[in-house]
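Only one chain is given next, in structure tokens, and it is the form predicted alone.
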């Protein structure tokens, strides 16, 4: 009898934990992020987005990074989620209009843990991701940058270190810490399969070079960029 009561209390505690995480998602996150899906199918839908979709967060993000970031948010996209909404004409080219950017709210350690727990259950990915998508291995920073920039031109949109690279997309120097490797491989292979209206072009990158790019992300992530 005592064992039955203990199991019941454990079940109720787990249920309460999940419900609290879901409540926080609805209260704190739903106004800026799509928690249910599907991805935006029209430009009008895309323009309404204020942050990345989270309905497949469980196959995209690394939970340890997510918990830490939610407590101490740092801008990942220098020009905001939708670049064209946060730029203004400059002397030589468009520049970021910082006055239009807003800071992400910070959560307490307990809130971050609960929200992360709830997000990790969201796995309604539009693409089936195989666990062995990334073959592992290593690459030098120099050769990785050559594949990333010289062969594929990715630095036009992405920073490879703070202040160095394009501004319209998310930085990639913490990409391997932020995101699961299998997701990175799948997304680079076919961005539009994940988000039909993403500004990320499909470069039709070879499978070999996709692996090299993700290895490059891992090499970059070895630096303690979050502390700089």
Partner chain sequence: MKNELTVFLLVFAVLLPGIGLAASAEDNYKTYCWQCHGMQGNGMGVNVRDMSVQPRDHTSAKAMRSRSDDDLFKVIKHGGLAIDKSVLMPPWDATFTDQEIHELVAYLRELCRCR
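Worth saying up front: this structure is predicted, and the values here are computed from it rather than measured. Residue numbers count along the first chain shown, from 1.
Absent from the display: the form predicted together with the partner chain. The rest refers to it.
- For residue 37, no non-hydrogen atom is located within 4.5 Å of the partner chain in the predicted bound form, even though that partner is not displayed.
- Though the partner is left out of this view, residue 159 does reach within 4.5 Å of the partner chain in the predicted bound form, counting heavy atoms only.
- Contact check for residue 168: a non-hydrogen atom falls within 4.5 Å of the partner chain in the predicted bound form.
- In the predicted bound form, at least one heavy atom of residue 83 sits within 4.5 Å of the partner chain.
- Picking from 26 to 34, 63 to 71, 48 to 56, 198 to 206 the stretch near the partner chain in the predicted bound form, with a 4.5 Å limit on heavy atoms, gives 198 to 206.
- With the partner removed from view, the residue among 127, 101, 87, 120 that has a non-hydrogen atom within 4.5 Å of the partner chain in the predicted bound form turns out to be 87.
- For the candidate set 106, 76, 96, 141, a heavy atom within 4.5 Å of the partner chain in the predicted bound form is found for exactly one residue, namely 96.
- Residues of 49 to 65 are not found to place any heavy atom within 4.5 Å of the partner chain in the predicted bound form.
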